[in-house]
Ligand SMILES: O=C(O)CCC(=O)C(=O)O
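Here we start with a single chain on its own, the form predicted on its own, put down as structure tokens.
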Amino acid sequence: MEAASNVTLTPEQIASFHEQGFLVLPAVTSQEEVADLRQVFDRLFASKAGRKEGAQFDMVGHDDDDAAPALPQIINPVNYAPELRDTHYRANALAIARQLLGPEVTPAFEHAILKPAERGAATPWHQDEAFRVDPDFEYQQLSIWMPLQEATLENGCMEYIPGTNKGEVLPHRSPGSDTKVHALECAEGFDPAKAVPCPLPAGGATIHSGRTLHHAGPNLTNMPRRAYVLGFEIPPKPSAQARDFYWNRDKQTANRERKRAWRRRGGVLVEVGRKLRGGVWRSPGRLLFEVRRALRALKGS
């Protein structure tokens, strides 16, 4: 049975999100569920779930097999832990997304992020939309970021630059101009001195749009910092204006190579099955976008 939502935003919160580009909520699920999610995440990271598919990797390193990752991430952890499909967090996140973007909203992606104790690296300043590999679409997206323990300045809470959601996607680059690194960093056009830190209790959340500039500092504490991110969007439609996200073209990351190899071994069929189980067929707009994206992936594999 699907979990029910119990989060209703006020008109003031909705207006603030669209004005500032982010929103802070003190709670989006129970402490009991947070404790359960911590156990799931610790198991997934310890077992390197998804690594052979290119889904688990180090965001800020070369992702060598024998190197300790500084900022490990798992794309779509629900693929490796089906119990994540039926949580109060997911139900509340979808309800929040629909209140902020409208009833056409569908789930788009999710990821698990770990900043290891005492060595978890900073997440560079970036806009989420800059990661889109196909810039010829119009994206209306948001991310809901929930820490699985208290998030502080010392362990890497989220920080935002208000109002950047209203601008365009700024130029990005690979950190240190190293195309073997998965992460992106914003290259120009913003003032980090205007950042607003957003510390949170475990089970609270920040919500930000796809163009809101954000980052998170390093983890300097003796405890790991885990975060669970759910992304939602209105099904993308072709854009009337051509754009060039040139910073994505030259990426040569190890996780991309693992993903290409896995797809050639039949992983594409696994991906299709996962999309169907996730209910992509319920939204015609979402289905059309996913088909086009899958064809692009096949062409590049």
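Residues carry their position along the shown sequence, with the first being 1. Not measured: the values here are computed from a predicted model.
Below: the form predicted in complex with the ligand, not depicted.
- Picking from 132 to 140, 213 to 221, 92 to 100, 168 to 176 the stretch near the ligand in the predicted bound form, with a 4.5 Å limit on heavy atoms, gives 213 to 221.
- Proximity of A151 to the ligand in the predicted bound form: non-hydrogen atoms within 4.5 Å are absent; the residue sits far from the partner.
- Interface membership of E185, defined by any non-hydrogen atom within 4.5 Å of the ligand in the predicted bound form, is ruled out.
- In the predicted bound form, none of the heavy atoms of I207 sits within 4.5 Å of a heavy atom of the ligand.
- Although the partner is absent here, I113 lies within 4.5 Å of the ligand in the predicted bound form, judged by heavy atoms.
- When you look in the predicted bound form, the only residue of N79, T87, T123, T106 with a non-hydrogen atom within 4.5 Å of the ligand is T123.
- Heavy atoms closer than or equal to 4.5 Å to the ligand in the predicted bound form belong, across 215 to 229, to the residues A216, R225, A227, V229, ordered by sequence position.
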